[in-house]
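Taking the form predicted on its own, here's one chain by itself in structure tokens.
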């Protein structure tokens, strides 16, 4: 089994541990990830403020490069939820709007690229839950995680606005994967609440209040498990400040889903870069 792989900028910077653990997990599952050649930024959240065409053309370039690679691989696996949303939007918008597609291809023409809409953009969680599933994952579990209670956190962008593989209001795709490791699911109601995203940079007092409610809701859990670099950064990077402001200890280990699943598969914590997490993952090291 093979997937084209778009890591995106965060996974080569602030979320490099997400990249490393994703690659380690899929290698252990016997699945090959073929990185898209010469990929570039998807535009993140800044491109649309400058130009709507640019916000489509940037991710479309990566899709066009993917189409020029191995024809036998249909799906592009994207771990970052923001990258997934941008690439998915470019694929969806150009597929339903021939005029937009023509404009995008005009932009891509100097590089000899053309977008035809031949590839399918898929989030990491979609691939893990739909293609591998709890049963497939269980075959690789060799270390029970039954001592842990885990709060699955989906965030916003992997489920909205494109309803593809889960219910955006009441998602459940992560739970069977976690249960397959022997861990318990924390009873909580914050799985889809916004972490504040980029508000942490411009309105930190508001974003920290939003994160505080999420951390408070996970009280009693051994870890919150995420699938988004922005969510991961917000949930684990400000726990000291948030705990001081709330006048209570809101510290909690925040793990990427591939890190947690990788531990259950017997992958060494150093090979999952667990020591790079900003929150304290000592219980899992």
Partner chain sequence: MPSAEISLTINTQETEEDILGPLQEELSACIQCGTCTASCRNAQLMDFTPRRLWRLVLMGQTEEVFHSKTFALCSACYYCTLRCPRGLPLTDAMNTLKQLGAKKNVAEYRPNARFYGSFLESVRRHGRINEMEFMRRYFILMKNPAIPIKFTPLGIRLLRKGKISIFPDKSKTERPLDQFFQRVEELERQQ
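Quick caveat, the model's predicted, so the values are computed rather than measured. Positions refer to the first chain, counted from 1.
Another form, the form predicted in complex with its partner chain, is not on view; read the next lines as being about it.
Relative to its partner chain in the model of the complex, residues 140, 243 and 262 are all farther than 4.5 Å at every heavy atom.
160 is the sole member of 116, 147, 160, 120 with a non-hydrogen atom within 4.5 Å of its partner chain in the model of the complex.
In the model of the complex, its partner chain sits beyond 4.5 Å of every heavy atom of residue 135. Its partner chain in the model of the complex is approached by residue 50, whose closest heavy atom lies within 4.5 angstroms of it.
When its partner chain is considered in the model of the complex, residue 266 lies well away from it, no heavy atom lying within 4.5 Å.
When its partner chain is considered in the model of the complex, residue 40 lines it closely, a heavy atom lying within 4.5 Å. Partner contact region in the model of the complex: 231-239, out of 231-239, 23-31, 216-224, 66-74, criterion any non-hydrogen atom within 4.5 Å of its partner chain.
If you take 176-203 and check each residue for a heavy atom within 4.5 Å of its partner chain in the model of the complex, you get 190, 192, 193, 194, 196, 197, 198, 199, 200, 201, 202, 203, in sequence order.
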